[in-house]
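One chain comes next, on its own, written as structure tokens: the form predicted alone.
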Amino acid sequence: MPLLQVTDLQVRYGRILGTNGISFSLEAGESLALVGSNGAGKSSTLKAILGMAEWPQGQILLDGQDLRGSKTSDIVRQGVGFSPEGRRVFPMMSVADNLRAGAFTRPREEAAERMEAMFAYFPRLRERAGQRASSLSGGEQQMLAIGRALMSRPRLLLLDEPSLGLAPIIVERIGEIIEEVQRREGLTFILAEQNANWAMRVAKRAVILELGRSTIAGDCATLLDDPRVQNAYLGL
């Protein structure tokens, strides 16, 4: 049984379609890139999985359990973590307190141990543990957002546009950290990205989205050599 199964997903915002029939599955330990331009349906898909968007049509199963009608907090407790677009850290709270906030689903005694793990993945956060999150650079805030999502020790991590607005060297480092976490913790993740080249080098499989529909899907190594993907998304 797949860890996550999304079938014929249609997300709506009133009369506006966010997605229109997206389907994919994800086994435990796998990684998937959802690639597309702004408005393609990437964020809508992640929000539907988290219970943050309405989906009148389709099905989302987590470990075979239908998520329709589930509260976001309950989905997080089932092992789903989320790093939102735009980072959305708590600006007036310290780095350490932002991380603690991400561990609300775990026993209190685990929080300190988990924070040490985050500091090992993101040494810059240890240096700034007592600073307000608002004082961090964009790259540091993105690391904090990912670290906060990882504090709950998720089985499935959803990352929404983590490369947005960051320098290429920082983007590459974030990709390396995501891969390291996957190796060490057996993490399953979905990477929603406009940066197709980077996303398909970090993830192993990809689904290309256009106007709320999945148009191309397959192994990333193969898709990177596909002329359709190269012309539309890689600028080749």
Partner chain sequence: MLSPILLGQAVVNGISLSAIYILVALGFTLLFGIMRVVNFAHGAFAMLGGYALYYVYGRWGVPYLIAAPLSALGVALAALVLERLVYRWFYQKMFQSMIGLLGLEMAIVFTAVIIWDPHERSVPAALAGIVEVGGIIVPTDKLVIVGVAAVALAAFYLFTKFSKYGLAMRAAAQDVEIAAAQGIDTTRIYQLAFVIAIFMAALAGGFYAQTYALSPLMGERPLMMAFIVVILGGMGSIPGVALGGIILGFAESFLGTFYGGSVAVFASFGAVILLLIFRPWGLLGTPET
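Everything numeric here is computed off the predicted structure, so don't read it as measured data. Positions refer to the first chain, counted from 1.
The form predicted in complex with its partner chain is left out here; the points below concern that form.
Among heavy atoms of residue 129, none comes within 4.5 Å of its partner chain in the predicted complex. When its partner chain is considered in the predicted complex, residue 121 lies well away from it, no heavy atom lying within 4.5 Å. Contact between residue 114 and its partner chain in the predicted complex is not found at the 4.5 Å heavy atom cutoff. Under a 4.5 angstroms non-hydrogen atom cutoff, its partner chain in the predicted complex lacks residue 138 among its neighbouring residues. For the marked spot (52, 73 and 108), a heavy atom within 4.5 Å of its partner chain in the predicted complex is present in each of the three residues.
Contacts with its partner chain in the predicted complex, taken as any heavy atom within 4.5 Å, map within 89-103 to 90, 91, 92, 93, 97, 100, 101, 102.
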